[in-house]
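In the block that follows, a single chain appears as structure tokens, in the form predicted on its own.
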């Protein structure tokens, strides 16, 4: 009778699982097409099928916005506006990654059946990460994302740096995953539950009896989450993976799995390690005497500082953007430490801004990589004269990454700093660290601008570079929202705030 009841619940959950099933269907279609059409000419069809699957999935996700929040599959997953927010972000990032892959010569002539199949599997794993409410489901979804990422990072098999990227990614991933799983086992041993929503209530008593064990569990779990968002000290894989992976996939890694890690981190700590404040409904309190917000604050400060300082000495654009990505994980973490609705809203808003400006920056890297065959910053000399539109676009994306007005990056950082200041004096130091790091980042971003616009190219390299029409269109498409949301961000603000309100039960 109990099995029949569980079966009925699972079957009743299927209609709300349509986007994930759509991704599975796309994945199977890619496998079948790749098996049937074993020809180089089938690469275009595979890309079109992958892109169509992603866009159809996006439509099904948008259609779920009129549904109420509900638990799925016996409490393993949840459907709410918080998870839908991230699913939209994942699909937009995946669609751009597919377009970048189609346009990049890095993948030209290579079999891409497995490439697009693994990309869709990676998106499916991120969907599950954003919606997981069970410790076992969290682990399974992270493993699905990680294993797919390992293979994609090493996809250019004959390139030494690509193989090195995949190997390092796998080693660090296995280590951090093991630590996280051990942390889960400690929580399960203390509470006897795997459900996030039951964890907070049961942990209140467990903390009083075993505060050190709970703190160690949080520390080990942060190893898994920190690995996904490339936070210090779990960031070591990022520079080598970003440099060695195919550049379209590097762009996706810098946005998709990172956002999924933040989705999981926020849900875990809000639902499982916090309780609503009795004074104010939009504020939470950490469980018992385990001061994990202070731990996150230290990690945030260390992450942005180390990322920016090491980025100063990089001479490869992809490695520079890798350390920049580490620094931006530190910025986004600032919103999670204050345990307020404003803080979580600021983090989500910043992730959208980061998606736009970082994907744009990597698109310019792809354009210049195809044109000059180099990722060295020294080889960017005079590109502002030889390829004006990509160079101007790069300048806009880099200014937005710095946080200068009138770009969406400025608005994102403004919300982050405002959340810290509003939360109280105990967070002023973190706001100061964030401002100082933004100043530091300006140096290495402007260095790229200096090479492109202030340095003249040599005579033998003074000819104009032909930029493909499709690349120019994609650059313009990404430039417009950078400025538009920097001047009028109300729609993005409303969309983000609704996602947080429905997630936290406010209003």
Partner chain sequence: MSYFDLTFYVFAIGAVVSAGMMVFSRNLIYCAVGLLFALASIAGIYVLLGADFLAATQLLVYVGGILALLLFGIMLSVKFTGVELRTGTLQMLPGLIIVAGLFLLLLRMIYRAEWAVQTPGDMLPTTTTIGKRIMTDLLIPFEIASILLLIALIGAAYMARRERS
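Keep in mind it's a predicted model, so treat the numbers as computed, not measured. Numbering follows the first chain given and starts at 1.
We do not show the form predicted together with the partner chain, though everything after this point is about it.
Residues placing heavy atoms within 4.5 Å of the partner chain in the model of the complex fall in a single listed stretch, namely 112-120, out of 364-372, 79-87, 398-406, 112-120.
Heavy atoms of residue 157 reach within 4.5 Å of the partner chain in the model of the complex, making it an interface residue. Among residues of the shown chain, residue 442 is not one whose heavy atoms approach the partner chain to within 4.5 Å in the model of the complex. Using a 4.5 Å cutoff between non-hydrogen atoms, residue 358 does not count as a contact of the partner chain in the model of the complex. Though the partner is left out of this view, residue 105 does not reach within 4.5 Å of the partner chain in the model of the complex, counting heavy atoms only. Listed residues 392, 200, 216, 310 were compared with the partner chain in the model of the complex; 216 is the one with a heavy atom within 4.5 Å.
The single contact residue among 92, 377, 286, 186, judged by any heavy atom lying within 4.5 Å of the partner chain in the model of the complex, is 186. Residues are counted as partner-facing when one of their heavy atoms sits within 4.5 Å of the partner chain in the model of the complex; in 120-147 these are 121, 124, 128, 136, 137, 140, 143, 144, 147, in sequence order.
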